[in-house]
Structure formats: C-alpha cells, structure tokens
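Presented as structure tokens, the chain that follows is alone, the form predicted on its own.
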Amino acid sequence: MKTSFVASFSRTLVTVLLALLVGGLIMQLSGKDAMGAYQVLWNSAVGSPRALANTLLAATPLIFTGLATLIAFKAGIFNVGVEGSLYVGAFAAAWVGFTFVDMPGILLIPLAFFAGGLVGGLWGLIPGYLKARLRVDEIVTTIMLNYVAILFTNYLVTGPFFVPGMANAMSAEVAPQAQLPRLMERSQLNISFLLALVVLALVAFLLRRTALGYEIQTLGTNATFARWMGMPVARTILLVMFLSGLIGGLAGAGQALGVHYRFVGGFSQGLGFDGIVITLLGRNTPGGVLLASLFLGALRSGASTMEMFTQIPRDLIDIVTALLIFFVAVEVTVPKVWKYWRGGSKTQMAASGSER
C-alpha cells in the first residue's frame, strides 16, 4: 500500500509539474515573466498564515466534491451530478439556518449540515434509481438534473423565499449562531474544513475496511463478476449515489453556513464539476483527493493576487487546470492504446505465421 501511494503521488507530482511548465511557456511566449508570476502565486497562496488559511478555505469544497465523485467512480458510476446535490444541499442548510433562529448553535449547525447532506443524498438517489432499476445512463440524467437543481433553487430565492431589497437572488441571512466558527481571524476558514477531513477519513475507512467498500470496488472493477457473485448490485448503486449526493450536499452546506451565510443563486461556479478534476488528478484515492484539492485551492487562492501584481489574467489558472486534465488523460489513454496496438500486432503476426 505504501509503494502504491508513493507511485500515485509521484505520477500526480509529474502531472502537476508538466502543467505548470506548459503554463509557464504560454506566459513566456506572451511576453510575461513566468517565474515572477509563479513566485507571486506561491507567496499569495502559502506565503503567510493568512494566505495558507485562504488556500485551505478554497480547498474545502473541493475536498468534499472530490470525495463525492470518487465514491461514485469507485463503483464504476460516472456521477456528473455533484453540482446539483451541492446546490440543493446548500439551500436546505440555509433554510434551516434562517428558519430555526431560536435554536442554539450547538444544535442548529449539526441540524443544518444534516439537512444539507440528507437533501443532497436524496437528490443523488434520483439518477441512482433510474440507473439501478431502469438501466438509464447516469451521465445524461445527472447532467440534466444539475440544471434542474440550479434553476429550482434560483426560483426559490426569487419566488417563495424572496427577500425584498436584495439586489441578487439570495435568501435571508442565517441566524448568527448558525454561522460556522472560524479557525483563524481575518480569514473565513471555518470548521467545515475539519469536517471535510473527517469525511475523507470515513470514506477511506469505508472503502478499505467494510463489506460495502468491497462491494463498491468490486462493482467498479467488474460488474458482471459482482452479479455472478450474488452481490446486491442495485442496492449498492443506490447506496453509492446516496453517499455521493450526501457528500456533495455537505459541500453546499459548508459554503452556505461558512462563506456566504445565506443561499446565493449561482454561487458554485462549477465546484461540483471540479470534483471530477480533483478525482482524476488524485488518481481516484482519498489521499490523492486531499493533495489535489490543496493544490487547486492554492492556485485559485493566489490567482487574484497574481493578476493584480503581474497583470497576468487569472484565466491562466483555468489553462493550468485544463492542462492537468489533458496530461491525466494522456497518462491513462496512451498505455491502453499501446497495449491494444501491441496486442493487435501480435495477433497479425500469429495469423501470418499460421498461413505460412
């Protein structure tokens, strides 16, 4: 296991370095100082305790969405619907926060997280049921349900839960005791980061030490074998999609209670989809998800400062992210193509030899 982790970490490190190198070449070719830009990016991401806190804040929702995607990928389910679970979970948590205003914080915060996780999990059950019972492709249903969740929650804060005087689509502010305690002054880093680490440990334990984890990984490795072994495939799919949605809902709850202190329409900007990038970069392992989240969180935390001091647009971070996906895809695809080509060549040689 230690050797596997080292190998996975090494491949991730090489992928990151390649993406940064190509990003630097793009900057140099456009007449910018790549080394200076990366130095500013580094200092603004981890150069001080406050900068480090802001990086951890940016990484927190990525840890959640990365884990939500990972647990589905482990079962061979391509869940693209974490974004939808994140939105409905965020609204559910905010609703609890601005509705039960007389409840003490020690009860209100867990209740809000419970509501966010439960609603996110139930949202994930919709495509899960369609796949488990009706064999409907989960990629299509999860993508479409993302739009439903985003538009539905936007309707809620512009219709039934509209707050007069608000310029944007947002709910009422949650009660002060529902706002998550901060871990550092002058930073919004809050206890949702600690919760993300707890969830990461629980996911790792689930996959490695439980019967359900074995069933999940067996289903993802060979679904036909899992069925022949008598594993409850349909039930496992439902559980996986519920857990994936639940973790996505917790991500939304953390943003609503610890960053915005209300539900804000369109707040995510693709955090659910970022989970796919995090999982791929992290080589589909919990530890890899943590490292990838911290790396991408550092990039995004330092992007604004880099843009301010170097005149390099923060769109560069999107370019680096795209390069990460590209290099991961190359690493996954090229060996398979090479193996297929070698296998085809050997087959042709055997056929030609038999003809002779």
Partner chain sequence: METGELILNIVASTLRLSTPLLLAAMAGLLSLQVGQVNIGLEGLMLAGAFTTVVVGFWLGSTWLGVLAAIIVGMLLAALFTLVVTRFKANLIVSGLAINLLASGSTAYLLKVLFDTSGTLSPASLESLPTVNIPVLSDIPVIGSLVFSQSPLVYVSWLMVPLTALFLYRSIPGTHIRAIGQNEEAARSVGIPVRRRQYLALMLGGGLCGLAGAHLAVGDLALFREDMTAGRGFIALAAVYFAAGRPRWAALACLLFGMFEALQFRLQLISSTPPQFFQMLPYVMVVVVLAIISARKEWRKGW
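Numbering follows the first chain given and starts at 1. Small disclaimer: the values here were computed from a predicted structure and weren't measured. Superpose the two forms; the largest set of C-alphas matching within 1.5 Å is the rigid core.
Beyond the structure shown, there is the form predicted in complex with its partner chain, which is absent from this document and is the topic of what follows.
Among 107, 163, 151, 201, the residue placing a heavy atom within 4.5 Å of its partner chain in the predicted bound form is 151.
This chain is drawn without its partner chain; in the predicted bound form, the residue among 225, 214, 155, 205 with a heavy atom within 4.5 Å of it is 155. The stretch in contact with its partner chain in the predicted bound form, judged by heavy atoms within 4.5 Å, is 319-327, chosen from 319-327, 45-53, 284-292, 59-67. Proximity to its partner chain in the predicted bound form holds for all of 78, 147 and 313, with the criterion being a heavy atom within 4.5 Å. Using a 4.5 angstroms limit between non-hydrogen atoms, residue 273 touches its partner chain in the predicted bound form. Though the partner is left out of this view, residue 133 does reach within 4.5 Å of its partner chain in the predicted bound form, counting heavy atoms only.
Contact annotation: residue 140 falls within 4.5 Å of its partner chain in the predicted bound form, judged by heavy atom distances. When contacts are judged by a 4.5 Å heavy atom cut-off, residue 304 does not count as touching its partner chain in the predicted bound form. In the predicted bound form, its partner chain lies within 4.5 angstroms of a heavy atom of only one residue of 277-304, namely 280. Once the cores line up, the CA of residue 30 ends up 2 angstroms or more apart between this form and the one not shown.
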